[in-house]
Ligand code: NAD
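Quick heads-up: it's one chain on its own, the form predicted on its own, in structure tokens.
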Amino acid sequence: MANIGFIGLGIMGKPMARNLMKAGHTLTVYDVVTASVDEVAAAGANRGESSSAVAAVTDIIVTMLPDGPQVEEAVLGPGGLLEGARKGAIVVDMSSISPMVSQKVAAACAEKGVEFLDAPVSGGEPKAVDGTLAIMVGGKKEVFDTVEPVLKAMGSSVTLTGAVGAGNVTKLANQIMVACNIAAMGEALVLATKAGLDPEVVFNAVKGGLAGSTVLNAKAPMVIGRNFKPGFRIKLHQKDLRNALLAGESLKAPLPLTSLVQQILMALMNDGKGDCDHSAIVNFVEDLAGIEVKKPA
């Protein structure tokens, strides 16, 4: 069993850390929110007083943070894990960030003799709890081989996608498909509801055909049930699409649909819905149509 550090105990990080402990790994944790550390420590984890302190006593350090600036601060900043990490340690950043930031952090780690993988995840809170996340990894194969058993305690699908940065490019591709799928689902169900149909009947009619998808199966019932409790927040998906557009710009890859949905997400944030589940993308279309997607009264 591995001696693991875990930095970042939010909606995703907390259940991921619990699954590592369930698999028998020794865990030392840190988060800027003390209550989150208290909760995971009560379940059996050791406390770390800083990112540096966590790195000083562990061999593999996992970070699960909101965006690139937080990853840079936790790894490279004062009190960051590179101050405490031992030569030969492995940093596994499971945050969803810009691939360019992943490469910058990896280069800084390499200067200190520390290995780095970017390993963002897909599946949201339910799959984080179940330990069935899809994990997309970028980095050296020999480092991936070392860490793969640890990752399999958190995910049912663990794939090496290329060099450092490739994990986050793959995650951005995933986020484009998910966001555009939810937006298209919203338009379809708004049309059906506006036409007087029961959206649940329409959902059940199409889910077994070509339009069926994991996104449809997960998100249509939430919309029809008017449940927008976050499994993955609007504001985080907006951040991911912003990173996708920045990557697209640097690679000269036009992403017109991504741009449109990212603007929808920003409008929803301005409407106070940034902490809603990303299924609330449908709310934007509902507002345009003046109707809610729900079962007829």
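Only a predicted model underlies this, so the values are computations on that prediction, with no experimental measurement involved. One-based numbering along the sequence shown.
In what follows, reference is made to the form predicted together with the named molecule, a form of this protein that is not presented.
Using a 4.5 Å cutoff between non-hydrogen atoms, G248 does not count as a contact of the named molecule in the predicted complex. Taking non-hydrogen atoms only, I11 approaches the named molecule to within 4.5 angstroms in the predicted complex.
Remark: A55 does not count among the residues lining the named molecule in the predicted complex, judged by a heavy atom distance of 4.5 Å or less. Using a 4.5 Å cutoff between non-hydrogen atoms, K171 counts as a contact of the named molecule in the predicted complex. Note on contacts: among D198, E73, E148, E187, the single residue with a heavy atom within 4.5 Å of the named molecule in the predicted complex is E73. Screening A41, V32, M266, L260 for any heavy atom within 4.5 Å of the named molecule in the predicted complex leaves a single hit, V32. Only one segment in the set 41-49, 23-31, 249-257, 267-275 has any non-hydrogen atom within 4.5 angstroms of the named molecule in the predicted complex, and it is 23-31.
Of the residues in 242-279, none comes within 4.5 Å of the named molecule in the predicted complex through any heavy atom.
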